[in-house]
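Next up: a single chain in structure tokens, the form predicted on its own.
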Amino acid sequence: MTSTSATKYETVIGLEVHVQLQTRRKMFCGCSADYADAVPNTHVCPVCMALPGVLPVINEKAVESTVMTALALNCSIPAYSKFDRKNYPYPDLLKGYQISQYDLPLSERGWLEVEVEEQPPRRIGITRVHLEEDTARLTHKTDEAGESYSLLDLNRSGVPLMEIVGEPDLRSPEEARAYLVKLRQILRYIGVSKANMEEGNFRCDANISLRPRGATAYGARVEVKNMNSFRAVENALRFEAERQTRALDAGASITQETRGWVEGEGTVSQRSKEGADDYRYFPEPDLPPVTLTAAQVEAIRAPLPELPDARRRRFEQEFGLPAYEANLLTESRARAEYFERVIAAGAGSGDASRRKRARAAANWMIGDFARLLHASGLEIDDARISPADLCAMIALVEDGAISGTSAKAVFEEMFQSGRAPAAVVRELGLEQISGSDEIAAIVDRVLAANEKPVAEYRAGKQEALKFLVGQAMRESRGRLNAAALTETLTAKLREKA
């Protein structure tokens, strides 16, 4: 895309995100929703198979999870909503229609704040968060004779599916990616879904159009599907914006259609894009309306945890952490709660003590802890180090019982064994040497063995002191008190001079 074209057109993006909810049973029947590793067509019943005469029953937990999500996304919850039939011409729903919601959904008019690097935060509108059923899974194959055929697995059919419909407020592929990352984070914080794109329980369709910069009318909308990662969404939208730009620059018009993303190729046309009229919505006659009182909504709101943005701001203000560190510590609810338990485990209750402990805990969690977790393929919930033990190890360093260098060896052993820090320190013999006589004896040996650096220091080369400190630390296996060592070493160098 040329710079002229980039300033000539404005990109308009709206996202529709489908999220499988974590419930024990499906949306309208009693079949297990845990189908991921099941043999095809084993989590089915007459309702899933759309046999004549069957009736759906609403999954109450799915309704509560949808309302909870909507509240986390700042939506309004109407007192009355209903389910609709969405006529569906594809073979992955045997009824020939999908039970969904249209004009009276469970929620409406929300927003999500996103931030792209070097740009101020922006609120992206959310049209509604509604509830529907997932489709069956089609697998397309080709036999040895070259004939194509499809296999149908009904295990997924009827799993509770929440749709989060965003307003066309996004203005770049980068913003779209940031929106999805933030949305997934919130869904995981509140525990309604795994929200994993690779597993298919967090899926995104994107609508993108271009319009002359400064115009208010929308251009022809193209829907992009088949994107299974955040990177794929960003790349597909970037490709599509460039494709539409070239077409408009050449004087062509944009066709409203559905296109699929093919890695390495770009977006390819799949079919013409349906509108709401094509689905012929009408109220689902087999289900009653959903009514929610204000008290019921507040009961659903009560278990909501502190959400990521609020927690990040609190970590900055309460613990004096930089924005970067606060952001890393609040990436997941489990990590943020582990961090707070480390701080709470300390004896000191004053602000200064808590802030000091918070800075130390942040350094360990972002540094060595994160490195070891990543190398082991573990989540923080799986770690053998308890928050109380990490706090105890930090206290050993602060009290001078072990040096910072020794603490790294202690921490690695704690990570592997789950043992308490004091026991590890005793076993490894890493108690810090603070006695003046012991330090002096080590310094004397180091000075005697390193005549050249001693002479260089006396000649004014300050870097030689760092070398001598390092030699003393090596001899003591990092157990020397750094401040006491430097003081003793400096005094002896001056004394001999």
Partner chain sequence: MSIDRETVLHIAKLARIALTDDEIELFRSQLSDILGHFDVLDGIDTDGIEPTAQILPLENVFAPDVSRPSLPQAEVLKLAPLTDDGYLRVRAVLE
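Every value quoted in this text rests on a predicted model; they were computed, and no experiment measured them. Residue numbers count along the first chain shown, from 1.
A second form of this protein, the form predicted in complex with the partner chain, is not displayed here; the remarks below concern that form.
Within 4.5 Å of any heavy atom of the partner chain in the predicted complex lies no heavy atom of Arg474. Using a 4.5 Å cutoff between non-hydrogen atoms, Gln317 does not count as a contact of the partner chain in the predicted complex. With a 4.5 Å cutoff on heavy atoms, Glu451 does not count as touching the partner chain in the predicted complex; it lies far away. Although the partner is absent here, Thr23 is a contact residue: one of its heavy atoms lies within 4.5 angstroms of the partner chain in the predicted complex.
The candidate stretches are 410-418, 140-148, 228-236, 187-195, and the one lying within 4.5 Å of the partner chain in the predicted complex by heavy atoms is 140-148. In terms of contact with the partner chain in the predicted complex, the residue from Pro288, Gly400, Pro212, Gly404 that brings a heavy atom within 4.5 Å is Pro288. The partner is absent here, but in the predicted complex a heavy atom of Pro283, alone among Pro303, Pro322, Pro283, Pro121, sits within 4.5 Å of the partner chain. If you take 298-335 and check each residue for a heavy atom within 4.5 Å of the partner chain in the predicted complex, you get nothing at all.
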